[in-house]
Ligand code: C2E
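First, one chain by itself in structure tokens, the form predicted alone.
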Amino acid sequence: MGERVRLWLLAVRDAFIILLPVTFIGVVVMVLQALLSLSAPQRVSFLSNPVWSASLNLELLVAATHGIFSVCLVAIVAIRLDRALVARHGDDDEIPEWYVGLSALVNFMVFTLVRAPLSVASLGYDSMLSAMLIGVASAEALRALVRVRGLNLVRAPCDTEVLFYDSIRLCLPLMFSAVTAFMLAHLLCAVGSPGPHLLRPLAQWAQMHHAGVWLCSVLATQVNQIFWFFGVQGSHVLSAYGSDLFLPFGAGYDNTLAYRPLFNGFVMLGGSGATLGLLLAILLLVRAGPQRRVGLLSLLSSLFNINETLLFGLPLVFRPVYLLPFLLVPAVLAGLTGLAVQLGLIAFTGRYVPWTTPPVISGWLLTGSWRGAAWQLAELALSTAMYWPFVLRAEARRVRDQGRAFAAATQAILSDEAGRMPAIRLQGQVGMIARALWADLQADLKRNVLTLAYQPKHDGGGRLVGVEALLRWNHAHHGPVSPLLAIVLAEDGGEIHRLGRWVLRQACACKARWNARGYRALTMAVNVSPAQLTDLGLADFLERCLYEFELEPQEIELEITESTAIPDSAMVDQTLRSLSQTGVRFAMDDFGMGHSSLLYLRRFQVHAIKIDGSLTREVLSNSTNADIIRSIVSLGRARGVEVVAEFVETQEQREALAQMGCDLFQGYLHSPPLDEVRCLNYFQSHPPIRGGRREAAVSVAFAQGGGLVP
């Protein structure tokens, strides 16, 4: 049951987030109204013109957004919950989502019409609690009703159009659900709702004990906050059931009951929950991420004590991490302000000040003194301090959840499923993360944020014969990102040619710098993604790099990765021929676990075979792997090519691979990947072999995270 309730709450929370644009439109209009009310009369005198008044009726915009909020909310809650239940149970999608939303809308309208006449209020914020409950109940009820055999009597032939078939079979379940809502609404009407004087006994008790202003103010804050936490406008609840807690409108201050100007001007700083302090804490503590973005978006409206954007965007609604300060901060401010009045630190003038008047200004106007403004500033500092640890906790949780979501998205993006849809076109969180990473990759590529690292290779005698260059992407927020992820995103986004050329040029430039230090004997092997072989200009680009950096073709070796199939097309064959004509060498990477290893040996001339790391890692413990490696070595000897073993991590593993006939070795036994400067230092302590034989290869690993620094 606990998991079920969690899904209900998540559906409600998601619905509020989805409706954030609707909320934001109304908030913008309310801020505009507040700005106009603060303007000098002559600046808004044009509004008195009948034409302008009719065309600039801002209340219509508020009614068009906030006035249909519950109508939208009930449908979205039902749809989100139904999708969550389908995902949780792994059910077939038996009910199209539009019927779930339609059922919720019908039930909500039936329930609302029975209880009260239709109005902007009954379809808007006043009915949010009803909308949430009906949305949840409608989704659960419809899923249960479609399984009732007695309600599946109306059926259309299975060969009819799907839309017509669904409409017919869902007629009785939707009708039964609406009738249930109708009966429940009448039952609640018969029971009756609490009267407007529900809280009068508490107010009278507080007055008898001479604690009216404190107790009533604190009680009003808690009623307001608790209902807002569940997405219901607390101010409307106070107006309907809590008027006895407050002095009559227009009355002067006394300590018998709560005082509206005190409540609006000194307790709800920034809106319900005194959230201006929360905003300040977020802006001071959080440098990036959704909390900061929502905070910046909400700042202007919160200055006018309108914080729906923050309540539904952060969100504070159904957000347990902020519940304690959300309840506590307004209560503390109410108590301290009442005490300040009793001690004579501030006094109210009785002047009417709109509740949308910004803090500091309202404090000055309400008290007629700088003390009121100073008191509000002190309250802002206190509320910021009280929210401070909770902002830190929420941000830590966000970072943790973001890390989990990023890991799951990375796994989904790198999945090797046949016919995988490009990640940047996926819907949901995976697609959103993929598109964000793709945008970051493009930006980082322009700014040269990506780098190369280099891992040495050694021959059977332990002599240095080369290095492998590994692509590195240190993301600004996620830290080191798998090179393979960058490659997949580049392939999905159609930019693999651009990225591949960047890597090739960087590798050639590095080789030229090494040549200037006396290491021309080393060969630079650049690993090429199969998708790059569709780049007809790749060979010309390579020749330009060789010329620009004064490299001999024999210094470059292209490793063709076998992690994905090499396209079988005339374009690829032409690219391979053109590359071969440049004089560079070819190597087959990830050999033995790819798609068509033996066919590729027939397709183009290979000078080296690199055994896949999944084979070499377990060579000592897996006899099958050992047999496969022996077969690859025999094939290499027959073809006259070198065999390279990667992921060599222990001396015993290296000796076993050497006995099987491997020629070159690469892995942490010799060295982890090094940056260019550290790699030069490594050359000095491990002088490379000189002249007379084919030298080592420096390969840019595009494939399967080979040789990644953990």
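Given the structure is predicted, the values throughout are model-derived calculations rather than measurements. So that there is no doubt, residue numbering starts at 1 and follows the sequence shown.
Here the subject shifts to the form predicted in complex with the ligand, a form of this protein not shown in this document.
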Which is the contacting stretch out of 550-558, 261-269, 320-328, 463-471, given heavy atoms within 4.5 Å of the ligand in the model of the complex? 463-471
Considering non-hydrogen atoms and a 4.5 Å limit, which listed residue (Gly101, Pro483, Gly242, Gly231) is close to the ligand in the model of the complex? Pro483
Using a 4.5 Å heavy atom cut-off, which residue among Thr337, Gln532, Thr367, Ser217 comes into contact with the ligand in the model of the complex? Gln532
Contact between Tyr682 and the ligand in the model of the complex at 4.5 Å, heavy atoms? no
Heavy atoms within 4.5 Å of the ligand in the model of the complex: does Asn527 have any? yes
Is it the case that Leu279, even though its partner is missing from this view, gets within 4.5 Å of the ligand in the model of the complex, heavy atoms only? no
Give a yes/no on whether Asp590 approaches the ligand to within 4.5 Å in the model of the complex, heavy atoms considered. yes
Note that the ligand is not shown here; using its position in the model of the complex, name the residues of 637-675 with a heavy atom within 4.5 Å of it, in sequence order. Glu646, Phe647, Val648, Glu649, Gly667, Tyr668, Pro673
